[in-house]
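In the form predicted alone, a lone chain appears below as structure tokens.
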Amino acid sequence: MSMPGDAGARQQRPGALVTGASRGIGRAIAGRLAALGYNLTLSGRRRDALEETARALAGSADGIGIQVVPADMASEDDVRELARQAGHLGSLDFLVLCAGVGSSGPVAGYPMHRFDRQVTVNLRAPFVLIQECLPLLRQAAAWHPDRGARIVAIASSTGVVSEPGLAAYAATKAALISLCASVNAEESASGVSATAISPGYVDTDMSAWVRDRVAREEMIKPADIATLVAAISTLSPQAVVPHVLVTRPGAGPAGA
């Protein structure tokens, strides 16, 4: 599914690829970038949910191009095909890595198939997407040296301060934070920089399991994370932001 605006105007707009775009934080980020005039490539596992998101965004933002590319982040073939589709609406100025999975359990006896899936989706897929999209991001930074190109990865506060029962998930998010720092060390001098955003519990389906001890009204809102991403998108390439930790009120240093 593709919803392009006027072809000439479309080519002049910045472009963004957002994974996990059909719900939660990813959908909120996609909505904010649409309002800023970005052409959007939206990805997630379910085509129907992505197409509903695309229709909603097309109705709220005038003239942007939107394409839907379903992809399972556990499939490397899907991830590489998504990267190949990323530049079809013009330049790729912004890569937003929002797709992720998590499951809880102590280190002792933790099922390795769960560990492997989290590593695949939360770390390997972002690594492959960054690797595959770097030529497009470098090209966008060269075309627009006043704004450069950006990568934002949604990590977690558990990647900074550990929480019991989330060792596997936290390890993948800590590695994602490190990956963003490595991208900056290698690419930021050429105008491509990366930011890991590490929130505590955000009011999404992924946090439903903890609502018996953290009320929804106490959780961070998806719109808060989208606001941070939008702010990062407006920075000059001279401002490199490696990591942002977002905590809940009274949550302590871990912020979960």
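Note that the structure is a prediction, hence the values are computed from the model and not measured. Don't overthink the numbering: it's just position in the shown sequence, from 1.
There is also a form predicted together with a small molecule; it is not shown, and the following applies to it.
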Practice problem: Can you check 131-139, 150-158, 83-91, 105-113 and let me know which stretch has heavy atoms within 4.5 Å of the small molecule in the predicted complex? | Solution: 150-158
Exercise. Classify P14 as contacting or not contacting the small molecule in the predicted complex by the rule of any non-hydrogen atom within 4.5 angstroms, answering yes or no.
Key: no
Exercise. Look up in the predicted complex whether A181 has a non-hydrogen atom within 4.5 angstroms of the small molecule, and give yes or no.
Key: no
Self-check item: 4.5 Å heavy atom contact, Q67 and the small molecule in the predicted complex
Solution: no
Exercise. Spell out, yes or no, whether the shortest heavy atom distance between V121 and the small molecule in the predicted complex is within 4.5 Å.
Key: yes
